[in-house]
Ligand SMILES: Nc1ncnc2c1ncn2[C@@H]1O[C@H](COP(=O)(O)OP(=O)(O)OP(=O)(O)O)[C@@H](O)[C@H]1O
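Only one chain is shown below, in C-alpha cells, and it's the form predicted alone.
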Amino acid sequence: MVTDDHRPKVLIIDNKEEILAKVQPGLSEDYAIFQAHNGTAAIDISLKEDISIVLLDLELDSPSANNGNTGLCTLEQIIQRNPLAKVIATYGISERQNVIRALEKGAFDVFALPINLDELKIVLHRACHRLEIEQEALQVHCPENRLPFQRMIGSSAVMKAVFSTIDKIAETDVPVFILGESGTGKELVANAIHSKSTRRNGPFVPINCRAIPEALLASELFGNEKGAFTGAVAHRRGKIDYAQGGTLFLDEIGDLAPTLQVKILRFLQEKIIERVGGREAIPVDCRVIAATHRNMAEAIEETRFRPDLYFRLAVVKIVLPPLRQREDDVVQIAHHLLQSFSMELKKPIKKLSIDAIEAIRRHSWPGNVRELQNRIKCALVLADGSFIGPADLELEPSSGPFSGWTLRQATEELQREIVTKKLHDSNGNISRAARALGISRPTLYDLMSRHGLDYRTI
C-alpha cells in the first residue's frame, strides 16, 4: 500500500475543507495523500488505490453530513473489506459518545480535534509499522510462501522438519507411522504424503480403528461375503480393497484388537486379504500409513500391541509436536481459521484483539488444533463487535502491563516507551531522535518534559 515513490498511502475522509487544508500539506512530504468527502467515495478510493491507512472524521456520523454513509458505518465497511486496515478516527466534542463505539468496530486509534500534526505523525508512523508487521505475518502462511501441503500451516522449526520429512518420503512406498497427541493433524500429514506421492491419482482411504466396534471392524477393513454373519445380507468390499492403487490410512491403530493385529500383519507381509466368510485371496496394492496418539513403547511392553506389526508399520516415523511446542504457529493458525470460518459461515471477518492473541499464546492447548478450531468458530459466531477477546475464546485474559488501564493511560505509556527507545538509539542526540520520531525538536522536548525524561540519563 505504498506508491511508486515508496511513500505510504493515506486516505483522509473529511467533509471540512479547513481540516483538509491543514493536514494535507503537513503530511504530504512523508505520505501520498488521498481525499474523500463522504463514505461512498472513501470506499471506492480505498479499494481502487489499495489504501490501508485511513484518517476518518467521526462527524460524518452527524445529520449535517449529507451523504449515504455515517462515520461509524464507513469505519465498519472499511474494516470488513480490509481487516488489516488501520483507521484513525478523529472526533470533536460532539462525537465523544462515539469514540468507544469506533474502537469496538475496529479503529486503530482515536484522535481528538483540533489535530496536532506532530502527534498525528507519531500515530501514523505506529499504524504503518503495525501494518507492515501484520502483512509480514500473513505472508508466512499465504499459499505461495508455504510448502504445498494445502491445509497445513506452520513456520516453526519443528513443523519445517515435519514438512522436510514428508518431502523426502512422499514418492517412496515405505510404510509411515505418525505419532502425536489427539488433534495435532495426523490425518492432514497422511493426506499430504498421499497428495505428493506417485499414488496421488489413486484413492486416499482413511479408517479410524478406535471409532468402530471390534465386532464390525474386521468387515469394515477386509469386507465380507453374503451370509458371513448375522446381518450380512450382501457381498461387501472392505476399506483395504477400496484403497487399491492408492493409500490406506489406519488412524488410531494403537487401539486395534490383537486378533485384527494378526490379520493386518499378514496383509502387510503378503499383500493379500480374505473377506470375512470367504476363502479367496485378493491381492491389494496400496501404501499403508498408520497413526496413533498412544505411547507405543508402553503398549508393546504391556503386550497390547505386537512388536512385529509395529516394526512393519514404522519403517519411517513422523512425530507431530503438540500445538504448545510450535512457537508462534498457533497465532498463524488462529488468523487462518478466522478467515476460513468467516467464509464458511458467511460472517464478517473479525480480528483478534491484542489480549486475545496473548491469551492464545499462553494457553497450553491440550486439545491442540482441534480445540483451537472449536474456540475460534464459537467466538466468531457469538462475539459482539469487530474484535474477538479472550472471553469470547473462553480463555484467561492477559495480566500484562496494560491490563485494566484506560486508553489514555496505555497511549501515554506506549508514547513514553517509543520516545525513550529513540533517545537511547540516538545516544541522546535530540535532533537525530526527533527525525526518527518524525517530529520537531520543540515537540520532542515537550514530550520529554511530560514524561519526565532526561536524555543525559537514558
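In this text the structure is predicted, and so the values were computed from the model without any measurement. Heads up: residue numbers just count along the shown sequence, starting at 1.
Keep in mind the form predicted in complex with the ligand is missing from the figure; the text below concerns it.
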* Joint contact, 35, 87 and 119 to the ligand in the predicted bound form, by non-hydrogen atom at 4.5 Å -> no
* **residue 184, heavy atom within 4.5 angstroms of the ligand in the predicted bound form** => yes
* Asked: Is the gap between residue 237 and the ligand in the predicted bound form 4.5 Å or less for some heavy atom pair?
  -> no
* Asked: Is the gap between residue 370 and the ligand in the predicted bound form 4.5 Å or less for some heavy atom pair?
  -> yes
* Would residue 188 sit within 4.5 Å of the ligand in the predicted bound form, counting heavy atoms only? -> yes
* Structure fact -> Heavy atom within 4.5 Å of the ligand in the predicted bound form, from candidates 107, 288, 162, 153, belongs to 153
* Asked: Heavy atom within 4.5 Å of the ligand in the predicted bound form: which of 327, 252, 134, 274?
  -> 252
* Asked: Quick one: which of 176-184, 382-390, 276-284, 75-83 gets within 4.5 Å of the ligand in the predicted bound form, going by heavy atoms?
  -> 176-184
